[in-house]
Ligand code: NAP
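Just one chain follows, in the form predicted on its own, and it is written as structure tokens.
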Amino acid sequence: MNSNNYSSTRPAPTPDQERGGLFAIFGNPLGQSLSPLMHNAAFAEMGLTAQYRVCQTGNAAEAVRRIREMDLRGASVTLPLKETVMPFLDEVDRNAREIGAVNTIVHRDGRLRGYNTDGPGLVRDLEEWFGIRGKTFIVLGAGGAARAALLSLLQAGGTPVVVNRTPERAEALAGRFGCRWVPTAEIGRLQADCLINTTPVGMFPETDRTPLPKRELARFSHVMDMIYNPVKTRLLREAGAAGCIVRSGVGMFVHQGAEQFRLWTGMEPPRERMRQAVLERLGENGGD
């Protein structure tokens, strides 16, 4: 991998590239992914002949080989490939390197460039909903989504605090980004403006699970769950009952996908159509 200080400047597509091409999502499993639905709805809305396909694999080398062989213009990358695919790319954006995970690949001029759009997606959604600068955020989790959240919150002027069940992981992650940490068992001594769940606990099909007991929720005025399926997780239902203002992961999911669309095409994405497509599939009629 080329470790040059590659910035997030978007590579400009040529006019003949803008109208079509193949795109895909790589990961395993992919049966529940709404990325194909969302991106194909965006392509149709913009009058593009592009197609977005599903390529299920857990092998990073195979994913990169298929991107080149199929001459894909771009790809989404999800678990378990977000970290393992990085050494196979020609260039990786600065923020993606700092997070240690890639979720977007742009293929242009024979080179594969990696990005992470989770952070920009989170920032845009939070700014639309609640704001970031000057506020304190509890970030539940210690994986790639947590790293993306911590970096983006710090860059936007927020103060994140890492909370994780395993003290060693929480301490290591907090040290990496220069912020505070506490184990989950001690969350009761924290005060914050917003709690953000970055873990998969409560995701479909295990919708009866929650990362925090409901007795801990009333101390936070705002609670966000990065999970988008279901739209209302158990965490959000219990937080709402405790008087919190809640936010699902739908907005972040749409905004990170919109940033992927922009990186691939150089065009402004149809965010509302993308959101509508996701909510329709999830059986919602709008709102979080």
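The structure presented is a predicted model; accordingly, all values stated were derived computationally and were not measured. In case it trips you up, residue 1 is the first one in the sequence shown, and so on.
One more form of this protein exists, namely the form predicted together with the named molecule; it is left out here, but the text below deals with it.
Within 4.5 Å, heavy atoms only, which of Pro80, Gly100, Pro200, Pro183 is in contact with the named molecule in the predicted bound form?
If I apply the 4.5 Å criterion carefully, the residue I get is Pro200.
Can you pick out, from Leu126, Leu89, Cys194, Ala145, the residue that has a heavy atom within 4.5 Å of the named molecule in the predicted bound form?
It is Ala145 that has a heavy atom within 4.5 Å of the partner.
Should Met226 be classed as touching the named molecule in the predicted bound form when contacts are defined as heavy atoms within 4.5 Å?
Because a heavy atom of Met226 falls inside 4.5 Å of the named molecule in the predicted bound form, the answer is yes.
So, in the predicted bound form, is Phe43 in contact with the named molecule at a 4.5 angstroms heavy atom limit?
Taking the distances in the predicted bound form, the answer for Phe43 is no, it never comes within 4.5 Å of the named molecule.
Taking any heavy atom pair closer than or equal to 4.5 Å as contact, tell me whether Gly114 reaches the named molecule in the predicted bound form.
So Gly114 does not count as contacting the named molecule.
Examine Pro160 and determine whether its closest non-hydrogen atom to the named molecule in the predicted bound form is within 4.5 angstroms.
Residue-level check for Pro160: no, no contact with the named molecule.
Option from 150 to 158, 186 to 194, 165 to 173, 127 to 135 whose residues, in the predicted bound form, bring a heavy atom within 4.5 Å of the named molecule:
Contact criterion met by 165 to 173 only.
Interface residues of 252 to 270 toward the named molecule, as seen in the predicted bound form [heavy atoms, 4.5 Å]
Contacts from 252 to 270: Met252, Phe253, Gln256.
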